[in-house]
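Only one chain is shown below, in structure tokens, and it's the form predicted alone.
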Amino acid sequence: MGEEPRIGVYVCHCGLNIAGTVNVKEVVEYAKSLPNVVEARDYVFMCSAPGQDIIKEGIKKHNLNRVVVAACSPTMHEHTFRSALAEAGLNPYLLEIANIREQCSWVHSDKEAATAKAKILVRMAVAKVSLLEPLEDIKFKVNKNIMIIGGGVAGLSAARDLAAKGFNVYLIEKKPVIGGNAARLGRLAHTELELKGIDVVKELSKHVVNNPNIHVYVNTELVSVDGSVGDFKIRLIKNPRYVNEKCNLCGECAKVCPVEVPNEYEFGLTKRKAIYLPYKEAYPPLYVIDPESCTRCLECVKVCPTNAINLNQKPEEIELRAGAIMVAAGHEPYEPPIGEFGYGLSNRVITLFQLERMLDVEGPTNGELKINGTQPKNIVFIMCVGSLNTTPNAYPYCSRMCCASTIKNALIIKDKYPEANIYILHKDIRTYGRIDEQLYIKAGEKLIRFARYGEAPNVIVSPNGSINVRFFEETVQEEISIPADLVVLSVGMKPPKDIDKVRTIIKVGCGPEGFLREAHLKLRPVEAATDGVYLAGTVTGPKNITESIESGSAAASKALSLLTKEEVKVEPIVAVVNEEICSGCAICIGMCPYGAIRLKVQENVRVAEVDPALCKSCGTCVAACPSGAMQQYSFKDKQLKNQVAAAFIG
């Protein structure tokens, strides 16, 4: 662009988020004095429709060819302002964001100093934008398939919705059955009907298992993902089940199996064999062999009447192509370490999920709440175990479902055993749904006792087996001791165990707690920052079962906006090679984490070449290039040098 820069600077108040710490009017007046700035204005919310109109009007009235917006992080509204530029007829990549909120007003309290810093940030943005070049979006054809990682309720609801629209769905589940954590839940707290978790799973599965558009891969793990939005190249490993479709569920194999290990589907309350059916009505309806506990004794092979067992099965490698990827990998229940609140020291200290299984008529005790053959009379629930920093091992967030689930189970016990004395010890009660709040009111009417603790209660397990729960009650300001026949630890949710492996392969970010992070919590709540990747269910943070299903449907709806297109546009802020000075040293190839660079040989001259479909604009190659041949659009050396120089030259 050979014409002289004509720059407009637009400063946002962001209500008082910026204006409360930064003198916005002073920043605007300062911006007017900067080189090539033709217009400088402010508005209370520059991202709003009236704020965007100010930018559009300025572009047309003053014939602007560059724009600086001094506002919040570009993560929030860069796309918003780019759209405004495009609507006004200006190339959307001739925009620079000066972050005077997160990098200035939010981290300073001295208004004078914050204002001075805001001026510097604006000055730097003006210096950089003056050298920006117009860019054109890169276009790719869209593959109409989608892969969903996770066969829980979020993944199942997403698969159902996408298949109903005629799209091909690959549903990947690393466990031997679909259904996720919901399949093990008892009666649900968040529905007006007396539904159980398995009922919800069965209803969703009906729409999935016989749908020709949905291909279910259980016992399957992700190996690699190449390509980019619109055309991902995916490699999977399907681990052997060792039992095929000939299985008639007779159970003879499990009877003769000599191995017993804790049953993870019953949260360790019972034992299972090395060959087992995970749970009744599981899909696929086949037994499976756990290779880690199987001793290869062949007893199961000998008794199988249908010859359904094959111990020689090998892992199978599968390659797929998909235009989009959805991660719905779920969560894991928090399990307290031995000794925390007496857990593991007595079988009369259990978790909320173990209680769920005991109260389920399909569970290990057929719905009877009995410990060592006796029905407990004094039952103490301790809330927020594993959440809200109750202990050194706990996570800082609220797990959302624990309050309603605890009260729901307390009511089930009270209805079944009216003589039981039930105490719920809590930091606070968060029954945020209409139905959940009714549960809380009903619990009070049933004389279930609520007590609020400050510091975590102390569960004392005596050598003779007796249990006392001691805590300081915040409301009455007294130390209280409760003799307990049963202590139930209301545990929360934590990120799934292998999520770091998955997110590294797909290149998705996470928050400090380990849950995957959305591109924007409010504006893009089911999208990852990586284009073409969508997030659903509890993989982004704690949710109840209803919210997880809704999240899956929301992610499916968003994915449809991509899959229904014939082609997709990708930001052109990718690396590019100046072939005249490239020496072909290949350092950039070894540094690129996305495999986007290869060597091109022309007339015996080696030069690097970037595949824009694979480049994710990380800039690693630019930093590593010894000759400066590798550059990145919108972040070229001359642009950044101009920006840095402006930081020190007033």
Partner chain sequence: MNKPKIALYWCASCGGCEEAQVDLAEKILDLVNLVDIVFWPVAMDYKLEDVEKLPDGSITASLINGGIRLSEHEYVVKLLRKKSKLVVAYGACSAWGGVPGLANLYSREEILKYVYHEAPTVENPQKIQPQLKIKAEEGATLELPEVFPRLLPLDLVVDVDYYIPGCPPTPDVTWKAIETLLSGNLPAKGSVLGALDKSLCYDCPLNETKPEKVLIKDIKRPHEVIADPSKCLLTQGLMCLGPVTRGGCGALCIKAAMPCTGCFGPLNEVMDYGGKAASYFASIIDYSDEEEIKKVLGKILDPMGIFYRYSLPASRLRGKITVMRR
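Residue numbers count along the first chain shown, from 1. All values derive from a computational prediction rather than experimental measurement.
This next part talks about the form predicted in complex with the partner chain, which is not shown.
- With the partner chain omitted here, the record of contacts in the model of the complex names 572-580 of 308-316, 284-292, 143-151, 572-580, defined by a heavy atom within 4.5 Å.
- Though the partner is left out of this view, R606 does reach within 4.5 Å of the partner chain in the model of the complex, counting heavy atoms only.
- Mapping the unseen interface onto this chain, G20 falls outside it, with no heavy atom inside 4.5 Å of the partner chain in the model of the complex.
- In the model of the complex, the partner chain lies within 4.5 Å of some heavy atom of K641.
- Although the partner is absent here, A624 lies within 4.5 Å of the partner chain in the model of the complex, judged by heavy atoms.
- The contact residue chosen from V44, A613, I587, V38 relative to the partner chain in the model of the complex is I587, the criterion being a non-hydrogen atom within 4.5 angstroms.
- Shown without its partner, this chain lists I54, C592, V28, L64 as candidates; in the model of the complex, only C592 has a non-hydrogen atom within 4.5 angstroms of the partner chain.
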